[in-house]
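Just the one chain here, laid out as structure tokens, in the form predicted on its own.
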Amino acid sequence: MKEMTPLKKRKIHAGVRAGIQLMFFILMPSAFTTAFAGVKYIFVQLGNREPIEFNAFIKVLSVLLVYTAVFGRFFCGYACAFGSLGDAVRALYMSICKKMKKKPVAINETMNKLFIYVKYLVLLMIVFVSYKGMATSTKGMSPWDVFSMLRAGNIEMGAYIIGTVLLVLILIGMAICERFFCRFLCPMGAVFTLIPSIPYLSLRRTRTNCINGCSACKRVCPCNIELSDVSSIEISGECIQCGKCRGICPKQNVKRTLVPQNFELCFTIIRAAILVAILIWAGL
């Protein structure tokens, strides 16, 4: 049997990823907001000097943290409804630019490096507001609450003007920068970034075999990550496990230590199935 070309493999992987994203977007759109509600609940309880109960929010948060520690930020790359929305907006924008023969607007490298820290500031602000019991004063300001309302078909958002404006601005950012929200603004992404994951299940590269001057893996990466060497145990918490770097490498140097190259697609499906199972178990 004739072996598939790298381009064919990339298209199949992209199709499977898009299918998984669509499935989670339709069936489990609230996973992101439920998990982050768990983070806010913890600090509300701490601020009130009250015990933290293992409720539905904490259950979803806990299983996602454990899952991320094992498989990396697969949830962000495949299951987060907000992240999937960003991918769709970006694809639409790139398609329009291509048809109009216009060069896409882009964020430069310096801004990329600076903006990645903003999500930690967003996380700290929300933690502070939750701890101080000021959540009611920020009602209507959350763009992901507006997104959840729109996703549920609720268009009566008179009290969410600020949140709606922020959502529109984020959508613009999603268009001009791949994974804009995930990289620069997502507080849950900031939490996941801090979780160490098993390096042997994460993508790394054999640098000694790389072509001199080649940076294909970094250029195609939605998060602009420099891949770790296969001998290193350090893994960037920014990686959303999309796998684009593996498909683009001309020397097939990008791989997972414990996952054979020809098993990569099956590994993706297995991770998705496990995530579905644990989220159903957690009550989503």
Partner chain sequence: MNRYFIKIINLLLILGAIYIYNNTLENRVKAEEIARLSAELESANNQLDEYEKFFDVEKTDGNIVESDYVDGKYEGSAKGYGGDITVEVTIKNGSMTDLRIVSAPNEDGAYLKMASSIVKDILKEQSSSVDTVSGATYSSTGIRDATKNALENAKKNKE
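These numbers come from a predicted model, not from an experiment. Residue numbers count along the first chain shown, from 1.
The form predicted in complex with its partner chain is left out here; the points below concern that form.
- From the list 240-248, 54-62, 214-222, 255-263, the contact stretch for its partner chain in the predicted complex under a 4.5 Å heavy atom rule is 54-62.
- Taking non-hydrogen atoms only, residue 208 never approaches its partner chain to within 4.5 angstroms in the predicted complex.
- Remark: residue 173 does not count among the residues lining its partner chain in the predicted complex, judged by a heavy atom distance of 4.5 Å or less.
- Using a 4.5 angstroms threshold between heavy atoms, residue 184 stays clear of its partner chain in the predicted complex.
- Taking the partner from the other structure, its partner chain in the predicted complex has no heavy atom within 4.5 Å of any heavy atom of residue 90.
- With respect to its partner chain in the predicted complex, the three residues 137, 168 and 278 uniformly fall beyond 4.5 angstroms at the level of their nearest heavy atom.
- Among 97, 129, 198, 85, the residue placing a heavy atom within 4.5 Å of its partner chain in the predicted complex is 198.
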